[in-house]
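In the block that follows, a single chain appears as structure tokens, in the form predicted on its own.
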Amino acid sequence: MNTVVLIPGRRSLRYAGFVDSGETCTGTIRGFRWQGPRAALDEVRTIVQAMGLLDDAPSVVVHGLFGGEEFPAPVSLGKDALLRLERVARQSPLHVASLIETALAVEQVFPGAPARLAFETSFFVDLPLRERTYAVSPDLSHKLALRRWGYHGLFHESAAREAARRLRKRGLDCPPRILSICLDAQPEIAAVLGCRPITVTSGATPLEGLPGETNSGEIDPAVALALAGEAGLGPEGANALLVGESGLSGLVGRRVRLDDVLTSTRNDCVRAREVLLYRMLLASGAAAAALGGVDAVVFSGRYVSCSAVVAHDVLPHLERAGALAPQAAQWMIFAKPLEGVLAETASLQ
């Protein structure tokens, strides 16, 4: 089975081609926003055609960040899916509008190819009411669609599925209690019972939760108001600061990646690492408490190669607190890249 995976971003379009489960090509089209989805997809088509991926009616999978409650699972791309996307556009206008443009371009550039949309938020549609609800008026929550989400659902779901498979081989016959730690530009921790998420560190937007490469993470709302008002930044300026110039990069004083902070011996990175690991410890403890213990710890994400740093700092605390089952001390790594996770989506049609 041939599969073309498309991951649109703010400035670029990542793509990958798969034959069966093996990756044959991968790359990035720069200037995605400048040239538009149609021109970028024409480039992708030329590349994958040269690799022979169009010889056998490939499937196309398009990555979406936010699908709201309209999309609790991957869906076939078509008129109905586009109408549903328009209904959730108000909740994430910039992302969803771009996704609609990309989806329309897919229908033009890959006519007749079965195409699917897969969303990061789908895994978290069924979060327990107590977890997804903010302590504000229910009428206001309904009017503004205020609720907690997770934004690395594809990684968490695939990693939890793999952890559950391994635990069944070891003889565990009840739904496993999984601590899922996704090491990405915006790191995220989720508690998963069986295949259902119970808690997640992110919120109504990816800004809430753990400090990211440029996101501040969880912050007192009064700070955002002070930045907008007393500091004179205004709402847009405060948002730009907290989303694009804070987090780990803000702590270090220059643009850094998560793996830089987790591995560097520079004093500025060491200080930022202490903050991040402490927040990850608190989040992991909360997840373990919600689960009533942990049967498996699984790491995934772009920077999964740095999982040992997190495991060696966080897990001993959980072990001493009695939160880890014996087998959980041997944590697992789910090293499949996002492109590979999305390719699995096509194979599950």
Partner chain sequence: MRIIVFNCGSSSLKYRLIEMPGENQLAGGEAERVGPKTAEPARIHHQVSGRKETIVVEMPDHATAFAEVMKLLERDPELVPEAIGHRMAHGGPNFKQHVILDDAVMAELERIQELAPIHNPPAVRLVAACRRLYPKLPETVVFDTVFHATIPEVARSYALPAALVAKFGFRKYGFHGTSHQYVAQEAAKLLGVPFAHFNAVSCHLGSGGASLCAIVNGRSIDNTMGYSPLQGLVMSTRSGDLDPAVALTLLVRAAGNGAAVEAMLNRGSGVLGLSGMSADIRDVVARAADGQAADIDQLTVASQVYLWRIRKYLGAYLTLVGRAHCVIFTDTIGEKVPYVRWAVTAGLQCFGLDIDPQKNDVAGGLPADLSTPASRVRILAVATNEEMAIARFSHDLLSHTQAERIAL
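Numbering follows the first chain given and starts at 1. Keep in mind that this is a model prediction, so the values were computed, not measured.
Not pictured, yet referred to below: the form predicted together with the partner chain.
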Choose one stretch from 107 to 115, 76 to 84, 158 to 166, 126 to 134: the one whose residues place a heavy atom within 4.5 angstroms of the partner chain in the predicted complex. 126 to 134
Might K143 be said to contact the partner chain in the predicted complex, defining contact as any heavy atom within 4.5 Å? yes
State yes or no: in the predicted complex, is some non-hydrogen atom of V304 no more than 4.5 angstroms from a non-hydrogen atom of the partner chain? no
So, H317 and the partner chain: in the predicted complex, are they within 4.5 Å at any heavy atom pair? yes
Using 4.5 Å between non-hydrogen atoms, is E245 touching the partner chain in the predicted complex? yes
Just give me the residues of 280 to 308, first to last, that have a heavy atom within 4.5 Å of the partner chain in the predicted complex. L281, L282, G285, A286, A288, A289, A290, G292, G293
